[in-house]
Structures are given as structure tokens and as C-alpha cells.
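Next up: a single chain in C-alpha cells, the form predicted on its own.
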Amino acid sequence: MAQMDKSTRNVMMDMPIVDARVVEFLRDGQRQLIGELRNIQLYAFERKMPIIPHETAKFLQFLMSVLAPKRVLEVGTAIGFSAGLMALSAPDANITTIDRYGLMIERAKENFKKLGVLDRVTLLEGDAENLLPEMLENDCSRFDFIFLDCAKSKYIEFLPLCLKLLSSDGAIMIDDIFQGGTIFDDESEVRHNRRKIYEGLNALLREVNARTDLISTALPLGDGVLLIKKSGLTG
């Protein structure tokens, strides 16, 4: 096959997209959130609280409006920002969210009240390691959308449980999969206290990429997000 003429080659294919100017636009150039949701976002940003960055919030907001899920599961409530965002972006959805940290749980409840979504958000207090299997044992109805934003080393353990809880045409979104790119470091360079996260996230990516019964894509939003849905294939 003849080589493509240099004048017709798309040079942009060889340029990284996550330029600092791109990140600046995604965070500051896109339309900002409004109302109480914006107040909660700013409060968290100012205090370095663990919420999704603006570009991920905008993507999640868009995704909710497109998918219009009826039942949503979130693992990792924190202060309730993302659950509140999903509830407001998908007004027909009921959200079940899980967290085990008392201080976060109290703040989340306050924020759900401020956002006016208490009637559509169920906050389960406890460890997802116990609660997810209980949901399966109780024959919990399947979820149309699952958002994982909890302990990163646990993603690989929670994946099979979440897939069982997912409806046939549902989708899973997993946050913070790249860890600032450190998951691509040589294993010998990984600090001991980061080893479980490193191993867990690499195992997650290997598992998802190897399975032909799943469709997935990774996006460089925030610290990286992974989207998964069932393909319907078995071989």
C-alpha cells in the first residue's frame, strides 16, 4: 500500500490532547453549574474535599440526560455532590448511594436536603463490600447506571458484583482510573503505600479489556474515567 502523502496526513493524531489549555477550557471555559449545586461544588473545591472535577461533572450531567436512567447506584457518596448532580440531571431517577464515613454521610444528607432530592436519594450507610452482596442476595432490581467512585483498590473486587446488579442495557462509570498516570509506572517505582491501588487498577483495566462480553472506553477526564456496558456477546 502506498504511503500517505505528508500533506494529507492528520498531524493532530500524533499530538496529546490533554494540553494544559484544554484542561483550562474544560474546567473554566465550559458553562458552570448553577444554584445550590454550584454552591456545593465551590464549597468542596475551596476545602479540597473529594468531589469529581468540573469536566467530569459536566460529562456525568450530559450522560444522565442522554441515558435517562430510572435506577442509579453510586458507590462512594462523599458529600453527596455527584449523587445530587445525577438526581437533578435525571429527574425520573431514583438514586441509591453507599458510604461508610460518618462525617461524609452527615454532610451528604444536608446537601441532599439543600438540593431538594431527599425523596429520590437513598443513602445506605456501611461498607460496600457487605452491602453489594446483600443487594444481590435480596434479589435487588437491576440498575440502569452505576457510578463507582470509592476505594480505587476495590474496583476490581466490585466489578463482578456491579455487573450482576447492572441491567442488560445499563452502563457503569468508574472514576479516577489513571492516578495521575502513575498506574503506567514500572512496578519497581511504586511506593509501598500505593501498591494496592496500582495493582488493583491495572488488574481492572486488564480484566475489562480482555472480556469480549463487555464494551468499554477510557476517557482522559479528571483523573480518568472508564465506561463499561455489556455487549451481549459470550465468546
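All values derive from a computational prediction rather than experimental measurement. When you see a residue number, it is the position in the sequence shown, counting from 1.
Here the subject shifts to the form predicted together with a small molecule, a form of this protein not shown in this document.
- prompt: Do all of Leu33, Glu55 and Phe62 end up near the small molecule in the model of the complex, with near meaning a heavy atom within 4.5 Å?
  reply: Looking in the model of the complex, the three residues Leu33, Glu55 and Phe62 all stay beyond 4.5 Å of the small molecule (heavy atoms).
query: Among 113 to 121, 135 to 143, 150 to 158, 87 to 95, which stretch has residues with heavy atoms no more than 4.5 Å from the small molecule in the model of the complex?
result: Looking at the partner contacts, the answer comes out as 150 to 158.
Partner proximity in the model of the complex: Ala108 to the small molecule, non-hydrogen atom cutoff 4.5 Å: Flag for Ala108 set to no.
query: Is Leu163 close enough to touch the small molecule in the model of the complex, meaning at least one heavy atom pair within 4.5 Å?
result: Taking the distances in the model of the complex, the answer for Leu163 is no, it never comes within 4.5 Å of the small molecule.
message: How about Ile51 - does it come within 4.5 Å of the small molecule in the model of the complex, if we only consider non-hydrogen atoms?
response: Although the small molecule is absent here, Ile51 would touch it in the model of the complex, with heavy atoms inside 4.5 Å.
- prompt: Any chance Leu73 has a heavy atom within 4.5 Å of the small molecule in the model of the complex?
  reply: No - in the model of the complex, heavy atoms of Leu73 and the small molecule never come within 4.5 Å of each other.
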